[in-house]
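Coming up is one lone chain in structure tokens, specifically the form predicted alone.
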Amino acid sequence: MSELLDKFKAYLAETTNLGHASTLLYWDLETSMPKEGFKGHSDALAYLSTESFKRSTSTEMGEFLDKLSAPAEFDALDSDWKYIVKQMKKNYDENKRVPADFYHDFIVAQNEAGVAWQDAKAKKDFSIFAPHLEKMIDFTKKMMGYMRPHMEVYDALLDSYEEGMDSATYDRVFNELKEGLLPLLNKILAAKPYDESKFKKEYDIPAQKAVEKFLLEYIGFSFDKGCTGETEHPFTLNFNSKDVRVSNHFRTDNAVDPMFSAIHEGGHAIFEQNVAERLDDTVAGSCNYLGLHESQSRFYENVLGRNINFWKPIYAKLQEIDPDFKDITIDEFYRYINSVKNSLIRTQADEVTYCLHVIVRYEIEQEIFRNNVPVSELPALWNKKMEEYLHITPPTDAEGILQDMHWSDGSFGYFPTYLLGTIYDGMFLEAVEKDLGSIDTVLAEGRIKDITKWLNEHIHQYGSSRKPKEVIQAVCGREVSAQPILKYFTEKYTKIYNL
């Protein structure tokens, strides 16, 4: 190892410490901070994030990267560090073009928009959030203009969340999915709906938290390297592979949604906990490809968690932990968790109609950034598309355009990765079964950790060191296609609904 690389690692360690503190502040802000503590947290978070950004764009950082990119140094690096230096040089060149004062203002605007979104959602009043959303759209356009002036803004956003993907690629696979999915969905919705009255009761929240812990451990989440918290909108964050945190939202009127939020966020967390330790605290040490990341959370949540064989070894234990399920059989539970119906809330949607919830957001984002639709018109546009795709109109903004937090922090281009992850899942399912045999058998025998180990070995350990298309090619041996997930949907729901 060269002396230059040693010095670079020491410089990165100092920068990592700033990021560590920022991440901890964000976790506290979202999970346990008292309302009056917002300004102090916001100011500290803005300061630390700005200082970290300054270091990442400093002259010293640039000199390190220039020297390490020179052939004599670069050729001597191992494959991990070649990726790290190349990716950091790309990021550096982009970030260097962003003025530090602008970045500080962007962080402040993010924090203010997040609080405004929560207030607006609670009061079911979009007008509270509208000026903040307008500001975040403007900030985002300017940010992309600084970072990627050679790219169209929305394509730049899409690529920033899933490198190598653009709207042409998304349009291809989304249209492929729609063509096969809409006829199937129409058949399902024409069938007799499932009677869910048995599930309408008041549920115990402490029992839900115990179930969350049980499920996380069952699928392979390590509490030695992670913990849980409670938030309005569930999420996962990580410091490195040794400290990964998940949050959940518990409700007295529904104990099933928190179960699947736990499994979903657990999928994200298992990915991060199993990135190779040698990549910790580097740009490769966390998966930065959101479609790939979402594929893992939705693989656990849907492909595994909504399979009846997932529950066969543990359903009695679930009933023991949460007696509210004592009078519900496993068959009734299975039928309930796979009930397909048009609904308002993306995070509560079944896995079939969920695809359309994402397409609604994808098309609205295109309207925002390509057709400059005014913010004041977004609620009506949202409702129009919900009626078009799902034949349902939100009664309030809280159940419509305010239901997600993502736009409050400028995460435009993020939503499409959710559906891209679902498309990847059909491909990963075929690959898992090729190596391990029928997934039904593996799950029924309680060997879900065999699947987790397979995912660790084939996907997780690499962090960000392999780009999504490289992962798909290495694991599946083909380009991205919606056909495998369409096959999964068709076979599963034809059987459930006797189509």
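All values derive from a computational prediction rather than experimental measurement. From 1 onward, residues are counted along the sequence shown.
Here the subject shifts to the form predicted together with a further copy of the same chain, a form of this protein not shown in this document.
Taking non-hydrogen atoms only, Phe223 approaches a further copy of the same chain to within 4.5 angstroms in the model of the complex. The closest non-hydrogen atom of Asp66 lies beyond 4.5 Å of a further copy of the same chain in the model of the complex. In the model of the complex, no heavy atom of Ala70 sits within 4.5 Å of a further copy of the same chain. A residue is said to contact a partner when one of its heavy atoms sits within 4.5 Å of a partner heavy atom; Glu14 meets this definition for a further copy of the same chain in the model of the complex.
Stretch 38-46 is the contacting one of 56-64, 453-461, 38-46, 429-437, since its residues have non-hydrogen atoms within 4.5 Å of a further copy of the same chain in the model of the complex.
Leu18 is the sole member of Cys476, Leu18, Val480, Leu486 with a non-hydrogen atom lying within 4.5 angstroms of a further copy of the same chain in the model of the complex.
Site annotation in the model of the complex: the residue of Ile345, Val373, Ala122, Cys227 reaching within 4.5 Å of a further copy of the same chain with a heavy atom is Cys227. Contact annotation for 297-328: no residue has a non-hydrogen atom within 4.5 angstroms of a further copy of the same chain in the model of the complex.
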